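So here's one chain in two forms, each on its own in structure tokens, numbered structure 1 and structure 2.
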Structure 1
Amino acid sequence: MGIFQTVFVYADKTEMLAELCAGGKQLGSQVCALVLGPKEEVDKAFSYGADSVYHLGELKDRRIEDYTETIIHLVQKEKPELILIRSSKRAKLIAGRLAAELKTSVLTDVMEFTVDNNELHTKRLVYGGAGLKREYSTSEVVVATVGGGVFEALIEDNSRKGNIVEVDFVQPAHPVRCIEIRKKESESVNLSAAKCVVGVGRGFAKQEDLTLAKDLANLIGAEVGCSRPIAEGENWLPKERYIGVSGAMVKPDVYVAIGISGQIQHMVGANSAKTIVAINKDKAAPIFKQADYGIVGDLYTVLPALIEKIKVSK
């Protein structure tokens, strides 16, 4: 590949630059990282493979978004052909504001980049996972946000150095005052890395019953995930455990879907599982067409029996 001359990479957490630097190297000849933070962060960017660093400053008591104008100014001046931005809420706001100034759109949540006929083609999920949209941008500066796992980070090399350019801060036009920052009390769970996942859905009648799924998960060394309504409508489980198009994309050896009907929005997040097991009392549930093994039955009888069977056999 490598059809671009200069690729800018930016992430609102420096450790997330590693994959982007690797991606930048695949797509272009010069990777320039935009780094906000102390000197160590600049060194990190070089160790990830950046050829040069634009050092935006040290953040201190400012908000990350206060640097949006600084980034816009830098991009307008340097005109890279491609900017890869790691997907996050903050980054999407910065990307959108930057794109508007460049009179272009953002290719969001890109899952795959390919070069075809000297054009950079991207793929992303649309219609709640029912479609995979292939598109490209005709813009002079292409702006794309990228999720985790799209590129594979290079091996870190701390001996790497490069040119550092100090970037002047541009005052934000509309500063927003931060009154307070609260750390979220969510447990950190990495569903995407789990070897085994038990997914729970609307088939569970009440929150307490989820202990059944948790018991099974403990027995087989699985993480518990869920469908969107369990995390967002019922709030029975934290959002971090929701599997699906705008949630976690899991790729375990075994995915056990319990009381999950199998709507595309959910299944697109589980489609990479090696083996899918479905337990559902509705014989017509679409999940059975997307499972390797299905038990048609009431989860309240099937789960205890399965738990017992595994316990006895251990």
Structure 2
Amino acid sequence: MGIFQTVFVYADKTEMLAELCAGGKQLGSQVCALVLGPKEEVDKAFSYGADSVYHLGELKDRRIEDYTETIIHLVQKEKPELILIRSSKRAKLIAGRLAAELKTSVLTDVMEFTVDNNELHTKRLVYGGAGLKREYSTSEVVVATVGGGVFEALIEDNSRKGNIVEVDFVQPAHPVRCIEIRKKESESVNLSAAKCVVGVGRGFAKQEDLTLAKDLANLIGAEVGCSRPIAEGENWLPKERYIGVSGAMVKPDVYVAIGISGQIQHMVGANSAKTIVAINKDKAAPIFKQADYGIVGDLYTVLPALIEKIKVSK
């Protein structure tokens, strides 16, 4: 369905660049990756499917945000028709400033792209996941932010090569100044690429009880995700593991939801799973309406029994 000649892609995390390159391939003829980092990152971009790379330089003493003027200058010079940007806080800031400079707006948190009458249409969730909004841009340059799981990354091919363009840095008028650095507790996890995910919710009474879910995940080779209250209310797991609106969109072969009620804000991030298994003691929980298999029972009884059964079968 590619309708664009040139697609720019930018992500501040390598694994997401792979998905954006795949998306660029679907929507356009030439995929140009904007890479900020060492030579290894440039090679990665080619292995992900980029036809060419605009190398913004190596991130040393500068902040990512300071490259916004450089990206704006590059876009104004090369005039791509579509720019796909990762839906992260810092990348969204760049997208907003870029769109303002181009006198357009950003199509935010796009979860689906379709082509209709040679126009690119997008869909995104609104009202906390209760509604779906369809949009399209009439601008000469379409700017869109994309979350994880929207596109499926291509198989890495290290033999792929392409054209590398070194881009001159444009000094921003007001560079970001770092006052202090504090270590943030976070994890590097790519839920979007996981084939099996164990999701945990407020059915767990204590943080240490999550060990049960982690033990199950280890046995079946799954990543652990969670509902929003676990990540942003209780802070029992990092935000990187939050599934749902403004969190990760997962498409695993199997999603095991444990102690999760199944509110729409969570399920929009998990309902693309091929098979959903739900464990909940409330037989009226909404999760059972979307589950392929359901176990009505106390997770503190079901999980130990399930774990033991799997251990015996191995």
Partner chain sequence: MKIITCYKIVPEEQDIVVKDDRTLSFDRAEWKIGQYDLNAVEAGMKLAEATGGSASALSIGGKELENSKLKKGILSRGPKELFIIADDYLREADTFQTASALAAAIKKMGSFDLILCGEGSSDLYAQQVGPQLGQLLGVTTLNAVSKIIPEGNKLVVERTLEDEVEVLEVTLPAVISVTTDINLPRIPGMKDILAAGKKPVTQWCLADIGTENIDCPTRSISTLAPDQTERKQIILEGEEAVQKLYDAVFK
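Computed from a prediction, not measured in an experiment: that's the story for all the values here. Rigid core (definition): largest C-alpha set, two forms, superposition within 1.5 Å. One-based numbering along structure 1's sequence throughout.
Between the two copies of this chain, it is structure 2 that is the form predicted alone. The Cα shift for G149 between structure 1 and structure 2, taken after rigid core superposition, is smaller than 2 angstroms. Core-superposed comparison between structure 1 and structure 2: CA of S29 displaced by less than 2 Å. With a cut-off of 2 Å and the rigid core superposed, A205 has a Cα displacement that reaches or exceeds the cut-off between structure 1 and structure 2.
Superposed on the rigid core, the forms differ at K214: its CA is offset by 10.1 Å between structure 1 and structure 2. Here the rigid core is superposed, and V250 then shows its C-alpha moved by 6.0 angstrom between structure 1 and structure 2.
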